[in-house]
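The form predicted alone is given below as one chain in structure tokens.
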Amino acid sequence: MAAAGPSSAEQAGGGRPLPPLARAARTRGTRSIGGAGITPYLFLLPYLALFTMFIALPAVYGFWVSLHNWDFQLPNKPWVGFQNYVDLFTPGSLTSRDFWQAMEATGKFTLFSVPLLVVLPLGVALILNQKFPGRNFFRAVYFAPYVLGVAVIGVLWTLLLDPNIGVVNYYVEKVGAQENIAWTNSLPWAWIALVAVTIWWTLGYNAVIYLAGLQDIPRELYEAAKVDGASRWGRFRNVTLPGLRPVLIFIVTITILASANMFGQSWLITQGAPGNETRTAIMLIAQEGLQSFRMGSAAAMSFVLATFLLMISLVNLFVFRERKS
């Protein structure tokens, strides 16, 4: 009988037989490359359990609720199918006018706040990325408001913006205003107040994320740009912005989502005034479900809003995607 030829492992070693321990290590390495086993899934299992429990199952249950005339005060929850969704897109229905007015208010707030919350924190981060005395102190000062909860922010600015006793109007009069400004119940001042408060509250968070992205850009790129004669604007446009592309995508996306889900500021500061001009979609959904007890209609509104936000996020990712030259 012919002797068995050398194995592939022995051939890789020049035809010399491998020691048993080396052969076992080679075999284990091959197996780990070919199939990782269940170890990665075990690490992902806790997150999968939390995602299923707190996101997937509530979403499925919410969709089921949206297919019913769901009233907590009624013993039965009649099945209505997609009627709650049809009503939202039917002019003259009980919910259509209020919903699209709230969606318009949400769009206005998003349009007014997102550009400022993308540009201003970038400028602050560029300044705080420089070396100067007290830099860490100013970093903490800009981030400090974000630590406060929305309830604290709402109560604080309700008092500051009060037309009669508010500190803001006191100083406005000092600079020459003839009458008190109704910051919380007149247009356009209500929108200016909501946007300004939101910027003051969340600017530091975006600035910290930008700052982390700036510190991750290699300094050698800036030095090479200087050697090539690039101006300060040229270095910003050709080095800083490309280096911040992943961070910029993240900030634009989360800022759009956060602005479109604005609730606490309008609920606490303006109460949707004047009229319902500053009542956002989330505020209407809360009133529809928790005050009027029409949970089916509120759930349908939630899914329509979520669909719009999903489409906007996809467009955002498409616009900011990395293009190959």
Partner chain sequence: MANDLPFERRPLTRKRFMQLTAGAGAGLALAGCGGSSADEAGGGGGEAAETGAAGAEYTGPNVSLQFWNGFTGGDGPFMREMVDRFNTEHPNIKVKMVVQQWGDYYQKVPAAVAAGRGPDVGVMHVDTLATNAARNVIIPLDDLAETLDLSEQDYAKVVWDAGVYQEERYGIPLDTHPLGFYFNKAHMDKAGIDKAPITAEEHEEALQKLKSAGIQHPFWQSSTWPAHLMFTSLLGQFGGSIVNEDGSEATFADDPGVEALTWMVNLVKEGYSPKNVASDADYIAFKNQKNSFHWDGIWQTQDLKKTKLNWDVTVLPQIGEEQATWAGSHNLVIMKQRRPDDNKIQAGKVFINWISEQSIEWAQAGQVPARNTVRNSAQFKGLEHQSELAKQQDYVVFFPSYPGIGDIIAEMEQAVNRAVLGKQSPQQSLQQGASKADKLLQDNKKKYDY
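Owing to the predicted nature of the structure, the values given are computational and were not obtained by experimental measurement. Numbering follows the first chain given and starts at 1.
Omitted from view is the form predicted together with the partner chain, to which the following refers.
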Verify the contact flag for residue 275: yes if a non-hydrogen atom of it lies within 4.5 Å of a non-hydrogen atom of the partner chain in the model of the complex, no if not.
-> yes
Given that the partner is absent here, does residue 184 sit within 4.5 Å of the partner chain in the model of the complex, heavy atoms only?
-> yes
Is residue 52 close enough to touch the partner chain in the model of the complex, meaning at least one heavy atom pair within 4.5 Å?
-> no
Consider residue 253 of the chain shown here, and say whether it contacts the partner chain in the model of the complex, taking contact as heavy atoms within 4.5 Å.
-> no
Among 60-68, 38-46, 253-261, 266-274, the stretch whose residues bring a heavy atom within 4.5 Å of the partner chain in the model of the complex is 266-274
The partner chain in the model of the complex: within 4.5 Å of a heavy atom of each of 151, 165 and 292?
-> yes
Of the residues 159, 212, 147, 192, which one places a heavy atom within 4.5 Å of the partner chain in the model of the complex?
-> 159
Sole residue of 229, 133, 176, 92 within 4.5 Å of the partner chain in the model of the complex, by heavy atom = 92
Neighbours of the partner chain in the model of the complex among 50-74 [non-hydrogen atom within 4.5 angstroms] | 71, 72, 73, 74
